[in-house]
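Consider the single chain below, provided in C-alpha cells and representing the form predicted on its own.
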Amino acid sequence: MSVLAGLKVVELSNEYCAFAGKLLGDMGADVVLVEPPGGDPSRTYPPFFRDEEDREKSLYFWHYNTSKRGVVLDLDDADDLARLKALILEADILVESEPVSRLSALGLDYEQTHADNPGLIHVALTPYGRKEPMSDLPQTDLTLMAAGGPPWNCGYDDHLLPPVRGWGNQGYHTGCHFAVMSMFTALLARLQTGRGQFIDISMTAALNVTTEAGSYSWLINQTTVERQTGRHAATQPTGETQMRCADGRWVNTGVPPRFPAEFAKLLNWMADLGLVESFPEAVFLEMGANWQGPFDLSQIGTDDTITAIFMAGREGLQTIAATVSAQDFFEGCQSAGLAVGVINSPEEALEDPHFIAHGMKVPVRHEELDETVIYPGAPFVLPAAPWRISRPAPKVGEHNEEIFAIYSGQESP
C-alpha cells in the first residue's frame, strides 16, 4: 500500500504548487485538482503530444498533474463555492497558491476553514509568503530564482558572462519540496495533537536557503561567493575540474583522490591502461597509497609532499581521461570510489543505465489515445514507501460527476 493512501488532498490549480500535488498523488494520496472554467492556464503550455495543440494534450500539464482527479469549479459562483467548501471540510490537506487576500474574501482562509475542520493542514505556496503583498505581483520561475539567489552561484569562471539559471522549473520545484516536507511534519504533529496547521511557504525564502554558502558567507562575514565552471561557488577560486576525454566528451571530476585506498585504485587503474611508465608523478600516487594517518588537505599549498601527492591524483585523472572514453572514465572512477560525472545531454541522461535502473522511465497508459507514454520517474527512491503514477492527468472537469455525487442534495455542475 502507498504510504499516503487514504489521505485526502484538495489542490487549487496553479503552476506554483502543481509539483507538490503531483508528489502527494504519486505517493498515494487522493488529490483532487480544482481548476477554473476552461481549465488551468498551464494546459496551453507546449510541448504538446504529437505536436497537436490541444488543452488535453499539453505534455507540461500531463507531467505536473499525474495521479490526480480533476474537477472544474467557478469560485465566483455561489453553488460552486459551496461545493469547494464541502471538499475542504472533508480534506486532510489544502494546497494553494492563491493571491494574498483571495481565500479570505471567499470565506476560505485558514482561520475560517480550521473552525469547521480542525485537522486541516492548509499549505499556501506563494512567491514571498501570504502576508507579503509582493506575492501578488507577476512572477515567473526565472524571477523567483533570481530573487532567491541560486543563479548567482551558477555559471562560468569568466565573470564577464552573466549568471546561468537552472532550467526545468527549479524555482517552483524547490518551493514545492519545502511544502511537501512541511506537510509531512504537520501530519506527524497531527498524530499527536489531532490538530492541523497553517503552513506559509515563501518560494523566495526556500530558494535563498538553497544557495549553499552563498547567503551565509554574506550574512556572517559580508563576503561574496564567485561563480565557477562546473563546481561550487566559493569566496576563493578552486582548481578546475572539467576534463576532455579521448572521445571528445567532457567529464567533471569533482574531488580527486584523498585517501590511501583511492590513490591505490587510481595507480592500479593506470597500470592496467599501461600509463604508469609514462607518468613520472606515479611515485607520488604510490606515496599516497602508502600514506599513514590522515591526509590533511588543509596543508595543500603549504606542505610540499601533500601538495605533490594531491596534484598527482588530479594529473593522473587527466592522463586517464585523455586515453579513454567519457563513459569508461566515469565507470572506472565509480569503481575507484571517486566522484565523477559525465556531462550528458538531456536525451543521453534519460538513456543512462543508472537513470533507467533508478526507475526514471515510467510507462503510463493513456487509454483515450490508445498510447503508452514514457514519463519521468520519482525524484527519490523510498523502498518502504512505494511510488507510482496511478493515473494520467485528468481531462477538464473529468471527475465532477464522480466527486460531487457523494454530496447529498447537490447536483453535479
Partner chain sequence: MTGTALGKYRICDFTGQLAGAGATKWLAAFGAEVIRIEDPTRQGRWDILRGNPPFKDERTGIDMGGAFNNHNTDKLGITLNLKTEKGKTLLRELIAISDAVTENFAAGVLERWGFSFDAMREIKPDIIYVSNCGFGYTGPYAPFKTWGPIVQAVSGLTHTSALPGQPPAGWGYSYMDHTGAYYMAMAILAALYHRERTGEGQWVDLACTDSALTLNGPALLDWTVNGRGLTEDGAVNANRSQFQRMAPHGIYPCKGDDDWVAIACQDDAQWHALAMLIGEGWTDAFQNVEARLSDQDVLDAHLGAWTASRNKFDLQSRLRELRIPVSAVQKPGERIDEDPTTEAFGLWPEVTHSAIGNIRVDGQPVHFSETDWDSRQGAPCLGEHTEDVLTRLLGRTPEDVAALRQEGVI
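Not measured: the values here are computed from a predicted model. Residue numbers count along the first chain shown, from 1. The term rigid core refers to the maximal set of C-alpha atoms that superpose within 1.5 Å between the two forms.
One more form of this protein, predicted together with the partner chain, exists but is not displayed; see below.
**Q** Would residue 314 sit within 4.5 Å of the partner chain in the predicted bound form, counting heavy atoms only?
**A** Close contact is absent here: in the predicted bound form, residue 314 is far from the partner chain, nothing within 4.5 Å, heavy atoms only.
**Q** Report yes if any heavy atom of residue 226 sits within 4.5 Å of a heavy atom of the partner chain in the predicted bound form; otherwise report no.
**A** Close contact exists here: in the predicted bound form, residue 226 approaches the partner chain to within 4.5 Å, heavy atoms only.
**Q** Using a 4.5 angstroms cut-off on non-hydrogen atoms, would residue 378 count as touching the partner chain in the predicted bound form?
**A** It does: once the partner chain is placed as it appears in the predicted bound form, residue 378 has a heavy atom within 4.5 Å of it.
**Q** Using heavy atoms and a 4.5 Å limit, would one call residue 233 a contact residue for the partner chain in the predicted bound form?
**A** Although the partner chain is absent here, residue 233 would touch it in the predicted bound form, with heavy atoms inside 4.5 Å.
**Q** To verify the annotation, which of these, 78, 137, 115, 297, has a non-hydrogen atom within 4.5 Å of the partner chain in the predicted bound form?
**A** Checked against the cut-off, the match is 137.
**Q** Could you check which residue among 261, 106, 89, 189 gets a heavy atom within 4.5 Å of the partner chain in the predicted bound form?
**A** Answer to the contact question: 189.
**Q** Within 4.5 angstroms, counting heavy atoms, which one of the listed stretches 303-311, 289-297, 149-157, 266-274 is next to the partner chain in the predicted bound form?
**A** In short, 149-157.
**Q** Hey, which residues along 166-184 are within 4.5 angstroms of the partner chain in the predicted bound form, non-hydrogen atoms only?
**A** Residues within 4.5 Å: 166, 167, 168, 169, 170, 173, 174, 177, 178, 180, 181, 182, 184.
**Q** Superposing on the rigid core, is the CA of residue 195 displaced by 2 Å or more between the shown form and the other one?
**A** It does not reach a 2 Å shift.
**Q** After the core is overlaid between the shown form and the other one, has the C-alpha of residue 297 moved by 2 angstroms or more?
**A** Yes, residue 297 moves 2 Å or more.
**Q** For a quick test of reading the superposition: does residue 208 move by 2 Å or more at the CA between the shown form and the other one, rigid core aligned?
**A** Residue 208 C-alpha, core-superposed: shift of less than 2 Å.
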